[in-house]
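What follows are structure tokens for two forms of the same protein chain, given separately as structure 1 and structure 2.
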Structure 1
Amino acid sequence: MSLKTRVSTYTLSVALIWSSGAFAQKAEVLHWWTSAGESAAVKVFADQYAKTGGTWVDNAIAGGANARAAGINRIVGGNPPTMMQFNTGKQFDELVTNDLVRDVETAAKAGKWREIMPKPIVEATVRDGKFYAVPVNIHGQNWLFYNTKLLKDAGVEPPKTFPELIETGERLKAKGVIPLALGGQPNWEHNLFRAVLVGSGGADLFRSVYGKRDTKAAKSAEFKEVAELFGKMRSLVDPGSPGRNWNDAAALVITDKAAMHFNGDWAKGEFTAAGQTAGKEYGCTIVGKDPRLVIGGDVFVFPATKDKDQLAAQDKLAEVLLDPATQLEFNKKKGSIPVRLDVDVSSMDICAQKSASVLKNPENQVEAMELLSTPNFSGAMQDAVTQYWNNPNMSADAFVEKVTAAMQSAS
């Protein structure tokens, strides 16, 4: 083959590649999924995007707050990623207000998102009548995971209420087992408190505290009872808890060192990555008077751009993220359930099936803190909770005072 022929062939090949959109659909995706289970899940999205001819450039930054800060700084600075992760809720409000992210209403109407997604997820993603993010999953945040062998060996059943959980925990401790593995960081202490609040205080009290900032609700006998139950749970946590990562807490249950662990269902990804199966090595239950599930999840936003290649990449990403088959495979690895309620979950684990069954009744759908609260108020509540948790000498009444102060001062 002559040099001229080789050059012509190369030029034609490049032209074909460009025309196919393979280069045009290069997408940098900024997210915080770095644990074993999370990494396996996000790879599903990356692989599916690659199958469309796109190039997924992964930018994983550990820690949600760190990733959000880095991404927002880049967007404001004019160097945005193609797509960026947020939690479902109010975290991206300022970006919408300042016209820094695209709406995806055209895709939402075409895909009938309002018809196939739970109302709390829709309402948490729509601004001024338009979708400004692509929801990708539904996470139940108040699951109790337990080691089936350790509970059986101790002769106890999975607890149904929080007073029962405390009694069960004391029996496990007497057997030399860590009753409750906790990620000893403020956000996980706060997550545990919210599980007690919805499970013992109920959905209306949960909404009154986080949504309405009702000081009367915070000063009620019901809220004080929640605070006292939460305080009693300190005795169930081992001394190694402070500073511990959530996935390391889950690992204690996986490795038979601890019996129970409260977390969102993303923790299932760690059990799956360790080769364990729901219903065998571990189980899951919702502790409380009613099976109310606190739901949130993850969304991706598309920074505003005039770059046609980036716009095309964003449109393709939106299509990939909500493809039914992709939804199923992603959520199997992530531990969540599909945000599309029209997806058949019969091939998922029993915990996912239980979650889907509970959520069929809208009364069981309780909006997560991120859907109800501003980031500032969520942060103020977290500060109050972690101060109370880490100070056994603080009374429930003193904690109530901190909560009411947070309600009155946070923006």
Structure 2
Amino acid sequence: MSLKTRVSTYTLSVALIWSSGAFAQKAEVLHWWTSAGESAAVKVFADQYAKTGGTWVDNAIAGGANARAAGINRIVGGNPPTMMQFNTGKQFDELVTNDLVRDVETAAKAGKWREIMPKPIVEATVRDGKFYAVPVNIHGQNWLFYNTKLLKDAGVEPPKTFPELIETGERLKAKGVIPLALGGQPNWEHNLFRAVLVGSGGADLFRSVYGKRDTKAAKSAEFKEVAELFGKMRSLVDPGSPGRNWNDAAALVITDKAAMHFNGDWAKGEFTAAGQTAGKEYGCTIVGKDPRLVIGGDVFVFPATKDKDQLAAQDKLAEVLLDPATQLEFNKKKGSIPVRLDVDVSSMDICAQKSASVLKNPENQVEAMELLSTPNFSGAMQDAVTQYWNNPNMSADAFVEKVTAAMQSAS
């Protein structure tokens, strides 16, 4: 062995040690998963990342809006975290257009993300043909949770359509049960409205309203029918609803006070925490002619950086997040389902299995509002919906007018 080769071997081994040291670099992760179930879920990621030799620095900030504001300020200020959470959708659009986040197209190509993830999720994460975020889960937003015992006592089946739901509700009310538990805060009222819109109006109407902001769709007979159904549902809610938190609403179903509750599948966490099992004490179903599931979820973005160690840590993280076993473990704790549809979900609860099987048919995949519309338009819609819901004297026509006004004025 000549001196030259010995030197280069030495250099190589040093370089190897150096680069394996890079994986031990700190990855600071900014997210807003602070509830018990959520932090258990994020710990799955942290542990898996630690197994690869990295150090996970957890930076959890309570409240999505707060966390996003803090993270965006740091990114713009030039001191970004290694990885940051967003909801799947348009929240990070401007970070992409301003070159503040890295694309992960290489990892996406290698992992065949386009083939294993539902199209709406792919489209919500890809900008100009490149993945700019790593989707980690799918949340269904329009589930109807029901109390099996109360429905059985009243002799009714879980409703399949919204007119049926109103009828069922009236019968339950006659029995002295709260038919519909609602967290009476504007965003939950809005979530209920979207469940009615997709279930009764259909996926196309949902897309034209939130995606295309089509005023013709808002003035259509179908939309008015949705508005009227939604208006009728006011009488199914108890007077204590305004201002209530969503978890208190779920608790009404858990404690046999209310029969039905619309929410995203994250509400399962409340039932699980109360020791209840899906399919036994409570059931879950999608109301509507076809089982259209409104899907959103969470993604992680990687803020742009020139630091080689950070880049290496980001690459490693992208790999860890989408590992099939990690995906399964994480989503069991989170209440969502794996973003990879190729993961075997038979070990998950019955609602998650239902969710996964519904999503096997691409026609059932409906993009959530966050994927279709800007936060600003969503907010304007929310203002319109909450005014309509809380004012029984407001007509469906007046509501349609407010919706069209929101479509025209919101940026």
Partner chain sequence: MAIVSIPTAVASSARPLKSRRRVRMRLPAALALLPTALIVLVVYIGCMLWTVRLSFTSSTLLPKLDWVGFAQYSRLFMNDRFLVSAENILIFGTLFVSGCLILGFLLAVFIDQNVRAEGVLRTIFLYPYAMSFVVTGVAWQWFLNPGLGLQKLVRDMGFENFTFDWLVNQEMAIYTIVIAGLWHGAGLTMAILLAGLRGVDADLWKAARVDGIPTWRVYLSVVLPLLRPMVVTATVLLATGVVKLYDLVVAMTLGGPGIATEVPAKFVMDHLFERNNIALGTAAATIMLITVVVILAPWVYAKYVRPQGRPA
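Just so it is clear, the model here is predicted, and its values are computed rather than measured. Here, residue number means position along structure 1's sequence, counting from 1. So that the term is clear: the rigid core is the largest set of C-alpha atoms that superpose within 1.5 Å between two forms.
Q: Could you point me to the form predicted alone, 1 or 2?
A: The chain shown first - structure 1 - is the form that fits the description.
Q: Hey, what angle in ° does the smaller rigid piece rotate by between the two structures, against the larger one?
A: About the larger part, the smaller one turns by 12 degrees.
Q: How much does the C-alpha of E38 shift between the two structures, in angstrom, given a rigid core superposition?
A: In the core superposition between the two structures, the C-alpha of E38 moves 2.4 Å.
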